[in-house]
Each structure stands twice: as structure tokens, then as C-alpha cells.
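A single chain, nothing else alongside it, follows as C-alpha cells in the form predicted alone.
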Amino acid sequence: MKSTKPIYVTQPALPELADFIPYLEQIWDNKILTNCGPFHQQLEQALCDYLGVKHISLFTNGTLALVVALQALRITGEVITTPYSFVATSHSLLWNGIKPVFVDIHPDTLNLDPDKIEAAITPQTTAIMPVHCYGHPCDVERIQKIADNYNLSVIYDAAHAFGVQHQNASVLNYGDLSVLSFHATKVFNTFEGGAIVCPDAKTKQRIDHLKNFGFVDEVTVVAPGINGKMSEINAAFGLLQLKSIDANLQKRQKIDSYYRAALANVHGIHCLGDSGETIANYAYFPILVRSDYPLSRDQLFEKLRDNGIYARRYFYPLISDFPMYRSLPSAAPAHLPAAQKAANEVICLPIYPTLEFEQQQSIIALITGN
């Protein structure tokens, strides 16, 4: 049955417009629109409290936050990273004049495979940039052990990992820095936005300087900074979003559970496993379409599209397949078999708090043929 209303992979959880008006009125009365105003400061503290982190610096988007995180740690040379991510991960390296070195992913988690990291380390390697793919934590302990052995920094692209906990603590506390995205498609959003989570006040101060042109005061500039500050309107929207985040996560969990139960016995459809001791955020629902399913991945993708279900092959193609990367030795497909396989099998199904039960049933029926 063809849907009369398009269903997308994700839709932003929007509060009632009437609830946002008082924030806008306060911004209007304050006459402060940006430059780390009161809502900006309130959201930083509120996020620290909610996420269980010590320091957080807000940004206008997650990509600029990645760029500045590398600047803040003075990363140069080569950085080991994953080919299975959104392009902002490796683009942030190129913007800093850093050479990405791609390492394959683990086929069960689709995260950077710790077993492959050491072989990619050279004298020019200065850091590792893993991604908590779909919000599932990387093997943070093993990655940190490797980093410590070789004196490398670790910057996590945690764009998908808002609210995720590992062993009863925020996964954002691992590594030297973690970078969040608050894009409209994320579990928690500020329309556009991002943040860097850092462990100490000195690092946060450097990051705050870098995101504001390097200014310390009106007449003192200490670094070649950029304009990465989040506006007051975005910060106010974040404060409002934070009020409903727990309820929205519960709705996502219910949708996730129903998908898993309905697709558990469908031959050729593989759902990524639960993350053990992790408290998840149910940011995405990827399935892998294997060879024993009656349709190819792309055929199922088109079938869903033809019926108004705008699922996404996320991530496809691999970052390493794009023109600015594919000439790198580490980008050779032969070096990345697990990533290539996942990119050719993955479809992310719609999951968001306002996804109706009947809509989810129609998606499942298209996959199961029932």
C-alpha cells in the first residue's frame, strides 16, 4: 500500500510554537542575539548537568566543532579514522591540512576496528578520530590503550551519541575531546548546532577563544580563531528541547523494540545488536540487507521509496570512495572489506518520536512482504 504522506528517516522533534515564544520575547528584551549570551551560557550548563560531563562549548554546527577540536589539540600530520561515516568527519581533517588514514570497521559494530589501528600508525600519526556510529559506542578502552602506548590524542566524532552511556557513565567523557552535532536530524537538536565536550577548564577556555576569532577581550587576540558561536535563538531552542528529551528517547526506544521484534526472523535482514552495557539513544535504525533476502539492497531501497518511505543508505558511498580521498593508499577498497560490505548492505529505516504505529507497520510490511 503506497503511503499518502512521505515518511523520512528522521524528523525533528518540535515543541509547541507557543512554548518557544517566551524565549524569543526574552531575547528581544535582552537585545543580545549572539556572542555567548545568557541562553548560550544556560544551555552549556544544562547540557553538562544532563549529559554528566564537566565542560562543554557550544558551536554553530558540528562540523565547525570538529575543525576547532583538531585546532585545540594542535593536531598535525596523519590521523587514523573510519571510512564509514558522514563526510564531515574526514573533511574536518582536510580543512586542517591533516592527512586522513582510513582503517576498516568491525563487521558487528560498524565502528573503527581496534585490531586494525596499530598497523596504520606511522611516525606522522598524531591522533585517532573514531566515530560512535549510529550512537553505538566504540571500543573506547582498547582505543585509549593504543593511544596511550603511542602517545596519540583521541578525538571522538560523537555526532550520534547524545545521551549515550557506557558502563554507567557518559561515553562523551572518553578520549581527549568528544564532538556532538545538534543538527535538526539528531536526537537532540538546536535547528543547527554542535558542541565540544572537554575534560578541564583550561581546554574549554582555549576552545572558547578559537570559536570567537581568538578574542580574549576587545583588544586581545591570542589565536587565529573562527566564528563558531551558537546564537541565542539556537541556544533557547535547545533549552526548550531539553525539557522533552527523556520522553522522546522513550518513544524512540519503543519504535526500536518493535522493529527488532518484527524483523527478527526475516531471512536476509540483519539488525545491529544491542550495545551490551550501553544506555542507548536509538538515534538510527540501520538494517543490513544480506544476499539471502529476495531483493538486493538497492531494490529494497527503491521499493520503499516508491511507497513514500524515504529510507536512506547511510553510509553509502564510503568517504574513501569520494574523489578527494580515493587516491589515498588507505582508501583502497581491498583494505576496507568490512566497510565496503556494510556500505553496500545498509538501509536506515525511519525512527523519530512522532512516527505513528501505523506508519511503522507499513514500513515493516514492505520489508516482510506481508
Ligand code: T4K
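Don't overthink the numbering: it's just position in the shown sequence, from 1. Predicted, not measured: the structure shown is a model, and the values here were computed from it.
The same protein also exists as the form predicted in complex with the ligand; that form is not shown, yet it is the one meant from here on.
A.B. asks: So in the model of the complex, is the ligand close enough to Cys198 to count as touching (4.5 Å, heavy atoms)?
C.D. replies: Looking in the model of the complex, residue contacts with the ligand do not include Cys198, since no heavy atom lies within 4.5 Å.
A.B. asks: Contact between Thr185 and the ligand in the model of the complex at 4.5 Å, heavy atoms?
C.D. replies: Contact with the ligand, yes.
A.B. asks: Does His160 reach the ligand in the model of the complex if we count a contact as any heavy atom within 4.5 Å?
C.D. replies: Taking the distances in the model of the complex, the answer for His160 is yes, it comes within 4.5 Å of the ligand.
A.B. asks: Indicate whether Val9 is a 4.5 Å heavy atom neighbour of the ligand in the model of the complex.
C.D. replies: Val9: contacts the ligand in the model of the complex.
A.B. asks: Identify, from the list Thr81, Ser85, Ser178, Asn281, the residue with a heavy atom within 4.5 Å of the ligand in the model of the complex.
C.D. replies: Partner contact (heavy atom, 4.5 Å) among the options: Ser85.
A.B. asks: Check for me: heavy atom within 4.5 Å of the ligand in the model of the complex, for each of Gly62, Gly193 and Arg312, yes or no.
C.D. replies: Affirmative, all three are within 4.5 Å.
A.B. asks: For the chain shown here without its partner, which stretch in 139 to 147, 296 to 304, 225 to 233, 88 to 96 has non-hydrogen atoms within 4.5 angstroms of the ligand in the model of the complex?
C.D. replies: Residues of 88 to 96 come within 4.5 Å of the partner.
A.B. asks: For the stretch 123 to 155, I need every residue with any heavy atom inside 4.5 Å of the ligand in the model of the complex, listed N to C.
C.D. replies: Just Val131.
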